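To begin, one chain is listed below as structure tokens, in the form predicted on its own.
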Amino acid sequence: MKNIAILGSTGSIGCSTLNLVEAYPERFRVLTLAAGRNLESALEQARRWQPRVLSLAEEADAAQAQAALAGAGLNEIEVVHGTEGSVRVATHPDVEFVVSAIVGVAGLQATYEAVRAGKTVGLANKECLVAAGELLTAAARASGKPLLPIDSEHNAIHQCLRGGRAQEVEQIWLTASGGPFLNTPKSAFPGITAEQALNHPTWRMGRRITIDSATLMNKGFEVIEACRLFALPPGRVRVIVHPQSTIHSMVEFVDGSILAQFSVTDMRLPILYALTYPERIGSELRFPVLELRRLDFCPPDLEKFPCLALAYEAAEAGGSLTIALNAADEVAVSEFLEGTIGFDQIPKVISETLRETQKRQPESIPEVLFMDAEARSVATSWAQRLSRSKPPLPRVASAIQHGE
């Protein structure tokens, strides 16, 4: 029986993890949960799973949850809040595996402390590796425990790498669906609405990651993740557009052999792989091989999707530039969902923020968070500047939520 902590339990990855716990009750047990700001869902999960610790983002929500659980006779559940609460969830002495799925840098401190505490961590949070990858991987090496990718592409790479030694790898191929605007002319980008951008052709994900997929920034983050997880320079991490999303990623070896991983487009499969690694267990998540008809590939259009090019530039520089890349993107996506800036202005906010970022190398998580705050301030200023040059755009309610 493996004791699990979930950071971001009410989001899509958190809910998929709980679905697996329900499917394999003899293997996994929910020990602690961090649920962000979704109080109603957090209470529902607490009643169902009865964790030892439940954390919410806000103190007021934690107090309300404590009262509601006490009224239900669940006084034994410890209710905490904020960053300290998430750290408590991630570092509980009886937790063995931590699913890190809080969106943004909100989950960074808890993820880092989990690694330092010797927990095995399954990473679904791109921002942790993008903003503080050097610190996280160093802490993982020191603890002797693996960082296991839950992100489908890196999970696929992890599986393919079991077919060869690290020194035999020539390059990695990250596949990208191309998002909803793969065949949309660049001239139409200024008129793209949030509703259109949130309509991903293949995956059902949280709001920010869906917009990042539409701009290809999500793939840029994955390039940085791959560099840090698999110790490769950016030039050996390639991106290729594959609209069917059948092949999740590929590893090319020095002799020319290429191993590819494909499976159903269901996040439960990479989560299950991480939860049971190095073992593989049976599941019902089957790919209909006989229905496979075609596989298309093409290079990404960096002129149409400049966010990917910006990510490669940040990956080469590292440090404060990757922190600024993530921070500026989060601000820009939020402003787009609020209707403040246009879809085509997202890369402008990011590029100007990177231009104003001084190259530095953080040596601690507080330094990472300080640089993150600096970049957010610059990005917000640019978003406000750009918003005055365009008429108001349609607003999408409930943009980026902590834990979604």
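Here the structure is a predicted model, which means the values were calculated and not measured. Numbering starts at 1 and follows the sequence shown.
From this point on, the text means the form predicted together with another copy of the chain, which you will not see here.
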Can you pick out, from 117, 106, 192, 260, the residue that has a heavy atom within 4.5 Å of another copy of the chain in the model of the complex?
260
Of 231, 166, 292, 138, which residue is found within 4.5 angstroms of another copy of the chain in the model of the complex when only non-hydrogen atoms are counted?
292
If the criterion is a non-hydrogen atom within 4.5 angstroms, does every one of 180, 224 and 303 touch another copy of the chain in the model of the complex?
no
Residues in which of 234-242, 78-86, 311-319, 182-190 have heavy atoms within 4.5 Å of another copy of the chain in the model of the complex?
234-242
Using heavy atoms and a 4.5 Å limit, would one call residue 334 a contact residue for another copy of the chain in the model of the complex?
no
Do residue 252 and another copy of the chain come within 4.5 Å of each other in the model of the complex, heavy atoms counted?
yes
Quick one: is residue 159 in contact with another copy of the chain in the model of the complex, heavy atoms, 4.5 Å cut-off?
yes
Non-hydrogen atom contact residue 91 with another copy of the chain in the model of the complex at 4.5 angstroms
no
What are the residues of 297-326, in order along the chain, with a heavy atom within 4.5 Å of another copy of the chain in the model of the complex?
297, 298, 299, 300
